[in-house]
Every structure is written in C-alpha cells, then in structure tokens.
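The form predicted alone is given below as one chain in structure tokens.
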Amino acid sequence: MLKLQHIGKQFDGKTVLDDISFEIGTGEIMSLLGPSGSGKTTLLHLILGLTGADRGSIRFGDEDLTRVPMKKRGFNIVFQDYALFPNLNAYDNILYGLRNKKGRVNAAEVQEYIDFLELAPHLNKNIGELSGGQKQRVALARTLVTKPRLLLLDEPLSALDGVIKESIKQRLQSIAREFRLTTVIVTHDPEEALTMSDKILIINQGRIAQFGTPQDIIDRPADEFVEQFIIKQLSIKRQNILNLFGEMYA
C-alpha cells in the first residue's frame, strides 16, 4: 500500500504541489492525470525519491519513506524515452538492471519475465532494430528483473499508437495482477487513464481536482475542470465513454 499525506512542494518560492493526499492498494494501477505543468511529474519524482517533499509524508506499507533516499526505497521507474543503452543488445539491456543486485534474481526468474513479455525472439537484436513496442517491453523487463516494490511509469504510451498501444496497456495490467505490483503511471491522456487504471488522481495547478475510480470520475466529476478536461479533451460525448465502460465490464 502506498499512502501520501498532505504533500507539499515548492520550487523557487512557487508552489508546485499543495496538500496532496491519497492511498492505493497492493497490485493496483493508479494514473496521475492532468494537463502539462499541473505537477504530476514532480509528484512521480517525489514518490520515487528523486526529489524531497517540503512537507507531508510518504508511506509504503508500515514504512515511512519521506526522508529515505531513492536507492533504499526499492522502487523503480520506466522513463518516457525508455533510457535503453544503444551499445547493448536487448538481452544485455535487461540484465543491466541486475548489475548491483547479484543474488536477488536467478536465471529462471529472468527468463520468466522475458517469456511473459514475449521478448525471446528479440534478445540478440540491437536497440536500433527494435520497434517502439519492443523497446517498451525491454525497458519493462529491465525494471521487473530488479523486483521493484513499486513500479512507476512516465508517459509509457505516448510514443506508441494503434495495436501496439493497446498491447502494452494490456501487458501493464497483466503485470500488476500477475506480480501484485503496485503501479503509478503519469499520463496527460484521459483515455489511457480511464481504460487501464484502478484509481485516477487528477491534478490541476498542483492540487487534487479529484481522486477515485474511473467509474466514479465518469459518473460524478468533481467540478467543471474535471468534466471539461475529461470530456472535451477526448472530443466524444459522455454516452460514448459510458458505452466504453459497458464493454469493459460486460
């Protein structure tokens, strides 16, 4: 369980995050959703430990991680650009995540992640030979072999489209279920958040606009901002979104 309470953050005297509180359970996917500059990436970095909070607390299970450095939190992140090493093939990129974690993961476990993500045919390929979806899966495998307690993803679908995007969405949902891996995703795309998350935290100008399940947000938007951001950005009618959810839960 990840629990944040009354998180605040300023940069150069400007408030970036103000009184952020939420809680998500083990194996749940939560999307941080909001327009550019809303503070969602800063919040992701606070959870990871790349930057510290000015006030408030961050807890994972029974542990207070507020002042714990990033390397000791046991969390890991897949960045938007995948951050793969072009001089290494796909397999060596996956193993790179284990360079300082010898003994924690054996060869059979590494192979389990490779098989789960269907990467076996691509292991000897150079990074430049991989498609966008294949690069994303290599980045996920490299992160998963480190056995993170929490998985963070920064705009994981932004460079993908069509069938590839849908495939990665399904894989992320499968990862959370299969490995009971709590997952936090940053996205600016309401459709992504609504169709792949258990919970959504909508941020506007550094404050929580709404926190709840996708169905809650669709049925009961907290204010005009939420409704405008969700409905108008998708450029579809409310009924079409409800129809989408009808298909998902049928």
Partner chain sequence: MHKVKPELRVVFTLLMLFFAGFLFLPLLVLLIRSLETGEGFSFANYAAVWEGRDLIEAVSNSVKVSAAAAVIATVLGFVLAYSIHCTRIFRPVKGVLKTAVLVPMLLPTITYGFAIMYSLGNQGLITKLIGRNLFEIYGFNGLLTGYVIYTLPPAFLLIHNAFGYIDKKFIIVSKLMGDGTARSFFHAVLRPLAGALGGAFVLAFILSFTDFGIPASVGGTYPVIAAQLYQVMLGSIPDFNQGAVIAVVMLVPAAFGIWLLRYLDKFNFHYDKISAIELPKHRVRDTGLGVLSSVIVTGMLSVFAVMFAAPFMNGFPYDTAFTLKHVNGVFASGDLTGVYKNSLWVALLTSLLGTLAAYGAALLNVRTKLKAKGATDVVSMITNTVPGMVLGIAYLLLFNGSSLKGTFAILVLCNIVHLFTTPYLMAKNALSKMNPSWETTGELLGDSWFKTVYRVVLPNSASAIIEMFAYYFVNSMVTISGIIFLVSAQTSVVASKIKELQHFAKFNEIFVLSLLIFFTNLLIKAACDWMQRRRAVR
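Positions refer to the first chain, counted from 1. Worth saying up front: this structure is predicted, and the values here are computed from it rather than measured.
Absent from the display: the form predicted together with its partner chain. The rest refers to it.
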Segment assignment from 171 to 179, 114 to 122, 89 to 97, 130 to 138: heavy atom within 4.5 Å of its partner chain in the model of the complex | 89 to 97
Which listed residue (49, 221, 206, 214) meets the criterion of a heavy atom within 4.5 Å of its partner chain in the model of the complex?
-> 49
Which one of 157, 110, 151, 84 is close to its partner chain in the model of the complex, taking close to mean a heavy atom within 4.5 Å?
-> 84
Evaluate residue 165 for contact with its partner chain in the model of the complex, applying a 4.5 angstroms cut-off between non-hydrogen atoms, and reply yes or no.
-> no
Report whether the minimum heavy atom distance between residue 195 and its partner chain in the model of the complex is within 4.5 Å.
-> no
Answer yes if any heavy atom of residue 66 is within 4.5 Å of a heavy atom of its partner chain in the model of the complex; otherwise answer no.
-> yes
Can you name the residues of 126 to 157 that have a heavy atom within 4.5 Å of its partner chain in the model of the complex?
-> 126, 142, 146
